[in-house]
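Coming up is one lone chain in structure tokens, specifically the form predicted on its own.
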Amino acid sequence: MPASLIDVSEIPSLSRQRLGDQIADVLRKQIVVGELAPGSRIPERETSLALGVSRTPLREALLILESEGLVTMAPARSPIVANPSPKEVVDLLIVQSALEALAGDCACDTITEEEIGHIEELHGQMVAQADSTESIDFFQVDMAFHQAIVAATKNAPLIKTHAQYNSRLWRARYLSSRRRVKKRSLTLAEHGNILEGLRNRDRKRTSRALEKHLKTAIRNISTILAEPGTDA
């Protein structure tokens, strides 16, 4: 099996229900952690054999990933893992920063106590696992923290737009998160400030805290992408 493909021994048994979504989840994680590198091919025949599925649900999964900006599709060619330029990534992050700042502002008016409790639980997971958990696990909880804030706005266009940008930035934000393993205390402090703003329903504090947090990510990712041999 080519090195760029999925190790089938690492994949749980897939049910037939929403199989395309499940395959997309597997491939998305491989892209985020770099096991499927930017610019690499995803040959459909070999990949479907490795996954033990037909090419129809695989194509469904690839279309999902294409809609998220993670895969590039072209007629009569194997799909390719997207390889955005550093400028494209930074431009996306600038917009994402504005979206999350807006979400923080709006959420203070709409968030419920139950939703605040959920966000507190996510923050607590990150605090408890800061010194031990794998980068990808910590990163996934980190992203869930941000998504929960956006969801609390109850603003459908904002939620949809944020999701579209977020999907294109998974790889870059993971690189930033992995780079800051020894600086997780800073991430947790910034999250704590965001959470305190939400608890107090302080629109200005929450919005500014989220904007500052994303600007830290922009600086980190800009530094990483400037290094030779690094792709988003």
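No experiment lies behind these values; they were computed from the predicted model shown. Between two forms, the rigid core is defined as the largest C-alpha subset superposing within 1.5 Å. Numbers follow the displayed sequence, beginning with 1.
Quick note: we don't show the form predicted together with another copy of the chain, though the next part is all about it.
At least one heavy atom of Arg18 is located within 4.5 Å of another copy of the chain in the predicted bound form. Using a 4.5 angstroms limit between non-hydrogen atoms, Thr161 touches another copy of the chain in the predicted bound form. At the 4.5 Å threshold, heavy atoms of Glu120 stay clear of another copy of the chain in the predicted bound form, well away from it. For the chain shown alone, Leu63 is a contact residue for another copy of the chain in the predicted bound form, at least one non-hydrogen atom being within 4.5 angstroms. Among the residues Arg59, His191, Arg184, Arg178, the one placing a heavy atom within 4.5 Å of another copy of the chain in the predicted bound form is Arg59. Annotated contacts: Pro75, Cys106 and Ala156 all touch another copy of the chain in the predicted bound form [non-hydrogen atom within 4.5 angstroms].
The stretch that touches another copy of the chain in the predicted bound form, counting heavy atoms within 4.5 Å, is 64 to 72, out of 193 to 201, 28 to 36, 64 to 72, 46 to 54.
In the predicted bound form, another copy of the chain lies within 4.5 angstroms of at least one heavy atom of each of the following residues of 95 to 125: Val95, Ala98, Leu99, Leu102, Cys106, in sequence order. Annotation for Glu190: C-alpha shift under 2 angstroms between the shown form and the other one, rigid core superposed. Positional change of Ala74 between the shown form and the other one reaches 2 Å or more at the C-alpha, relative to the superposed core. Distance between the C-alpha atoms of Met143 and Ile64: longer by at least 3 Å in the predicted bound form than in the displayed form. In the predicted bound form, the CA atoms of Pro57 and Val141 sit farther apart than in the displayed form, by at least 3 angstroms.
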